[in-house]
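Before any questions on how it binds or moves, here is one chain, the form predicted alone, in structure tokens.
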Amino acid sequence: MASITTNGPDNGADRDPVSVFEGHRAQMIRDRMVINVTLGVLFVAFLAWSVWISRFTPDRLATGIPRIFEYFGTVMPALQWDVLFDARNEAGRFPAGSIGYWYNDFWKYLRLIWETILMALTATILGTGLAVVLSFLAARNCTPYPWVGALARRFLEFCRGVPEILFALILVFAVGIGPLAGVLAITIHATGALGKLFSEVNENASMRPVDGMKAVGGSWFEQMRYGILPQVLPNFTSYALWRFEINVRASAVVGFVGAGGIGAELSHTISFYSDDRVTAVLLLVVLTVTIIDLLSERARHALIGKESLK
């Protein structure tokens, strides 16, 4: 980078200060231009590399996108208007082409979706509790010892660095097929993600209440409990609700490896049937996630106040 020197052997003591300033300014512009051009070249090079590695080419997209619609065309229900709302016949079966025929296993799907929501709720509660504790240890302004903070941060990185589905695969092997493996897998990942967010919130909290607690002889726990927690609790709650939304979706995904919930049924229908039952389950999953998103959004806005969104 350029530096201002007015009395060097080359510049001379008699140089005009304005020309020195202009020379320095021109040098800074040239340096900035070199940096920008270098960064631009690197960006284009990495973009081209990623396109080449992923084979993200227009011809592949043009060939692949129609196949997506072809697949959904094979799993769409063949509904018929004249029998769309017909009830069961004398044999106790819905006529083909009716909504009842399409959602013949509706109550089974509903039970599995409820199981999925409970899995997400349990994992969110457990993950939030663990994240709160670890966030105080990981935050640089709150940790009692630097080495404890470093260990807590590395642990949180590990928890959120491994995908839930990989944790679920390991835990299915350990505790068997079922919702428990899914709950544990999502809890571990939620702990890592929320612990990171919570610790950053702690680091932005005012330390004046903590100093006051120190002055009157408060322990570390009392400093965190009465000095930091009241400041950060609304943000903690907002992040936990946001994480609950994510955990509902994650609960559906981990079911693909046998970790319970509606994901297991979706995997089963895709693997063995590939018919209109796939769209029946998918629509219920999307509807459930949408309702939870809307409810959670309203709750979060109520917690953080609508004024902050304006």
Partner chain sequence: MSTLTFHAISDADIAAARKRHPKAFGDPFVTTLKAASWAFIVVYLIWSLGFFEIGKLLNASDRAWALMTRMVIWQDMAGWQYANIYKGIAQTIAMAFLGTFLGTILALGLAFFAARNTMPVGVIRHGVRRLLDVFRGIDQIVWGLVFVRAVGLGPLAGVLAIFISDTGNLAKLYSEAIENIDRKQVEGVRATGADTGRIIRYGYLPQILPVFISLSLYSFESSTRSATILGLVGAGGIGMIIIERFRAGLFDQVAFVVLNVLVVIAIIDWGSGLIRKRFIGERGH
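Positions refer to the first chain, counted from 1. Because the structure is predicted, anything quoted here is derived from the model rather than measured.
The same protein also exists as the form predicted in complex with its partner chain; that form is not shown, yet it is the one meant from here on.
Q: Which among 168-176, 102-110, 138-146, 206-214 is in contact with its partner chain in the predicted bound form, heavy atoms within 4.5 angstroms?
A: Of the stretches listed, the one contacting the partner is 168-176.
Q: Residue-level question: is V183 within 4.5 Å of its partner chain in the predicted bound form, judged on heavy atoms?
A: Judged by the heavy-atom cut-off of 4.5 Å, V183 is in contact with its partner chain in the predicted bound form.
Q: With a cut-off of 4.5 Å between heavy atoms, is V162 one of the residues that contacts its partner chain in the predicted bound form?
A: Yes.
Q: Please tell me whether any heavy atom belonging to F256 falls inside 4.5 Å of a heavy atom of its partner chain, as the geometry stands in the predicted bound form.
A: Residue-level check for F256: yes, a contact with its partner chain.
Q: W220 near its partner chain in the predicted bound form, any heavy atom under 4.5 Å?
A: No, W220 stays farther than 4.5 Å from its partner chain in the predicted bound form.
Q: Can you tell me which bits of 41-74 touch its partner chain in the predicted bound form, meaning any heavy atom within 4.5 Å?
A: F43, F46, L47, W49, S50, V51, I53, S54, R55, F56, R60, L61, G64, R67, I68, Y71, F72, in sequence order.
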